[in-house]
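First, one chain by itself: the form predicted on its own, in structure tokens.
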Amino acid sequence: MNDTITTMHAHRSIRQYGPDPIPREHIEIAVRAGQSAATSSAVQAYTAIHVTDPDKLSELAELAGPQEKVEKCGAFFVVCADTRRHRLMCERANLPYESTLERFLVGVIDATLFAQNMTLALESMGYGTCYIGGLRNDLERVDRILDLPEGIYPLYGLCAGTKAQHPIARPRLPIESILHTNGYPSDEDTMNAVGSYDETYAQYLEDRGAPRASWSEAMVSKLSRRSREELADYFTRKGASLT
């Protein structure tokens, strides 16, 4: 164990924040840490939009849930895959920007590596964080609020700020469910591990005062229904190729 691993193990999604903004200096430190993440062939296909306008924050909070913490946290960012600068460079060179599924995936992967490094940096400075996937409830509206050009793909939000709560850790799957050697386990072994984790997860919910429910029940309820079906059309209209 070292300080970095201790910080990583201490992660909790923080949903209640104190009123103090995060100083710009700390934000820039975290962004530079984000930029230190691996990036495919130095493409650096990511952008973080720091939203400070109260009206924009209010709209984003509403469409994301509503989720009040988007307005109340010390700093809120919209993390985007960014192909805009690459398109402009190709245009300047009088060459086409060839949009492919691989290029879209590189942007999503680059942006996520960047965001996780940025999150770890913020948490190492004592701030709490929480990703906001609810932005994908209405990306067309996010697009209008932020006036995003072609080639910018908003993926999720990121809240950060002074912690006003200290929740217990949500248990993760046992390492035997995640780390495999030379191949994937049998379906029987996979479901046996799920069964063991179900009891751990139900106890976690009970300990935090929520009704007992298994992880598999929660996942089946979530994944047996279609959601956000407009995403492919949105990303295609913004210039992505998903084929």
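All values reported here derive from a predicted model rather than from experimental measurement. Residue indices: 1-based, along the sequence shown.
Keep in mind the form predicted together with another copy of the chain is missing from the figure; the text below concerns it.
Put simply, residue 149 is close to another copy of the chain in the model of the complex: some heavy atom of it is within 4.5 Å. In the model of the complex, at least one heavy atom of residue 92 sits within 4.5 Å of another copy of the chain.
Not displayed here, another copy of the chain is kept clear of residue 206 by more than 4.5 Å at the level of heavy atoms in the model of the complex.
Contact annotation for residue 165: none of its heavy atoms lies within 4.5 Å of another copy of the chain in the model of the complex. For the stretch 113 to 137, the set of residues having any non-hydrogen atom within 4.5 angstroms of another copy of the chain in the model of the complex comprises 113, 114, 116, 117, 120, 121, 124, 125, 131, 136, in sequence order.
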